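Let's start with one chain on its own, the form predicted alone, as structure tokens.
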Amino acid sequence: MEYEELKRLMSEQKDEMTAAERMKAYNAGEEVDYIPYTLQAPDPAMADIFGFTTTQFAKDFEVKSEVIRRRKEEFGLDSFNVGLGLKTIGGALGSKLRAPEHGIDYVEEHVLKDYADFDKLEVTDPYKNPVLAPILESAKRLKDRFPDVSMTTSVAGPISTAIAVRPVEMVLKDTRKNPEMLHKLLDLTVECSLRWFEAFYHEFGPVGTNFSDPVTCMDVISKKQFDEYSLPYIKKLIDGTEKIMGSRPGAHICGKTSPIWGDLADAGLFSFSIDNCEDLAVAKAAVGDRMRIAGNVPPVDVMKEGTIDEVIASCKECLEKCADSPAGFILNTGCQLPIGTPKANVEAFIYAARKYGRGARLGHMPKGILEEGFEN
């Protein structure tokens, strides 16, 4: 399909609900105009599409506002997230972070190379910490600017936060050689995350929450390491978030996660965004009745490098596999939307969600798929 044809077809599609109305009705088991969709961590890619660098988006309030306005206007993404990245708490605790002008930040120097310095670390105060306070202030300004747009917040998962404080190779060695101190570090990471959620609740009331924990996948750690060093702290994060916000968080974990799906459901996770290396149909059969599933259009091979037709076909395949998941399904990318993703491919994603996700209802295949002759 050529871009001009895509634009013509999209002009014939009409939204009957706002995103907030759609999600509320979907959660209530009512039929919606089309299935809810989102794009995983889209802000860097959105800034790029609209002609801004990631640094401009991060530091310039007016640029951030423009990106939020335009992505709502052009892509129907009428919510925004003001949260903590994978390395933010590490930076707040004293690690030195570096961000390229246009790209993803990284840890230049970790604050905790020797556990002799552990007692110097304190649970971060979002109101006083020089890294966190400006983010919280930005959330206040953005909510004032966009009072009718839903705002969410997020943190990194326990182990992913830990490697922003202490080098990953040391953390992995700690699982064998220094478990006692690693448990203390992981406990600290969760306390910092919950302190952030408490501040957000104090300022804005209950909001949707999410955490990303790429290091906890089975490509990096073993199931045994997950059981001992990740799961207890994920459970503490989930329980603490529910106590603060009144609702359980969602999560995204990159890479292979099928061995831990049952554990995440048992821990009380509300929704889980699954990487495209995993099969949505298998996930639905395994845990679809216990937590919402989101996914999993390939972000690089399809969204960034694919054609319009390939994006549409991938979205349709995801819906065919998982749109009738009992606890619900959100069409999403399999991981973060990459910088360099063409605008046309984002539009193709939205077109497919509207076309094949039309007439969606919790636990049922959308009418848009059924009309294609799909058989369960």
Partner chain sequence: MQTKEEMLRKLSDCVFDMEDEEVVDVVKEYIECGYDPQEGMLQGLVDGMKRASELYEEGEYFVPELIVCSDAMYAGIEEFQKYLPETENNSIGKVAIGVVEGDTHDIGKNLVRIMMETGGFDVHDLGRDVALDTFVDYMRDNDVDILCMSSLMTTTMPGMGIVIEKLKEAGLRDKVKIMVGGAPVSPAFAEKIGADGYTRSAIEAVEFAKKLVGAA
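Positions refer to the first chain, counted from 1. Since the model is a prediction, treat every value here as computed from it, not as a measurement.
A second form of this protein, the form predicted together with the partner chain, is not displayed here; the remarks below concern that form.
Proximity to the partner chain in the predicted bound form holds for none of Thr53, Ala99 and His202, with the criterion being a heavy atom within 4.5 Å.
In summary, the region of this chain contacting the partner chain in the predicted bound form, judged by heavy atoms within 4.5 Å and restricted to 126-134, 222-230, 88-96, 205-213, corresponds to 222-230. Only one of Arg176, Arg141, Lys184, Lys243 lies close to the partner chain in the predicted bound form, with a heavy atom inside 4.5 Å, and it is Arg176. When you look in the predicted bound form, the only residue of Asp266, Glu169, Glu73, Asp117 with a non-hydrogen atom within 4.5 Å of the partner chain is Glu169. The partner chain is not shown here, and in the predicted bound form it never comes within 4.5 Å of any heavy atom of Pro342. In the predicted bound form, none of the heavy atoms of Asp289 sits within 4.5 Å of a heavy atom of the partner chain. Remark: Pro338 counts among the residues lining the partner chain in the predicted bound form, judged by a heavy atom distance of 4.5 Å or less. A residue is said to contact a partner when one of its heavy atoms sits within 4.5 Å of a partner heavy atom; Glu305 meets this definition for the partner chain in the predicted bound form.
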